[in-house]
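Presented below, as structure tokens, is a lone chain in the form predicted alone.
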Amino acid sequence: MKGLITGVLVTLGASVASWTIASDDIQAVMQSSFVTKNQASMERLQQDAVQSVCSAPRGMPLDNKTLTTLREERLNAVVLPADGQYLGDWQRGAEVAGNGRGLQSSDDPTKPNGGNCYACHQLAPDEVAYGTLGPSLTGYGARGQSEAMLQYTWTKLWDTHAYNLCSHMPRFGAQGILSEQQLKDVMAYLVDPASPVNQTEQ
């Protein structure tokens, strides 16, 4: 048994060492392969603390204390609407959710970014082209509009890492992808009873 434990520890240590070497190699390739082009700068290669932790190879043990601390930091950094109003115009929200442009080297930085929500979620029930990486949000408004529900939804949009640290969902508010008004409009698109999201398929 002692020999088995020793073998596991040696293997784990070797895995960590090989990942460190591979990580250095990856960084070198990334640095030599990317160039600044328009608004897509080399800063995109710099990972923050969350990205760094969540980039660890599958199977590598993560420190729960670190994960908890990072999640709490993200939650504490969420900025709620300045006027206390969470909902904007669902029609404008539909435009934001369906717009996949923004922050790419070929995009016009003077135009507002989109949320590209359909890349990962089904929203309106009659939508025929949507991604499935995220859950369907059809009928989201059935959850109601309590303060707790609105704050939860806002937080998911502002910085989903406050709840799911290694989520692939963009941090729309925390990273300045969408403005406060755009977030309010998307909120309305999700919860307004008149929104297509909350209609039954014809």
Partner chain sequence: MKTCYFWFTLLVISLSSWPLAAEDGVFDQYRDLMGDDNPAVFVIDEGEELWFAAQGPKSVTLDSCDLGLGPGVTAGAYARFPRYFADTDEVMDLESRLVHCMTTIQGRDLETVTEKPYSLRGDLGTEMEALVTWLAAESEGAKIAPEQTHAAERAMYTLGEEIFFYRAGPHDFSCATCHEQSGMRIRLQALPDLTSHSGAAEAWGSWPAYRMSQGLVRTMGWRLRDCFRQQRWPELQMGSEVSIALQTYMAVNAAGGIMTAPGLKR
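Positions refer to the first chain, counted from 1. Treat the numbers as computed from the prediction; the structure is a model and nothing was measured.
Unshown form predicted in complex with the partner chain; subsequent notes refer to it.
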query: The partner chain in the predicted bound form: contacting segment from 136-144, 149-157, 61-69, 168-176, heavy atom within 4.5 Å; finding: 168-176
query: The partner chain contact in the predicted bound form: residue 92, any heavy atom under 4.5 Å; finding: no
query: Contact of residue 131 with the partner chain in the predicted bound form (heavy atom, 4.5 Å); finding: yes
query: 4.5 Å heavy atom contact, residue 85 and the partner chain in the predicted bound form; finding: no
query: Touches the partner chain in the predicted bound form: residue 34 (any heavy atom, 4.5 Å); finding: yes
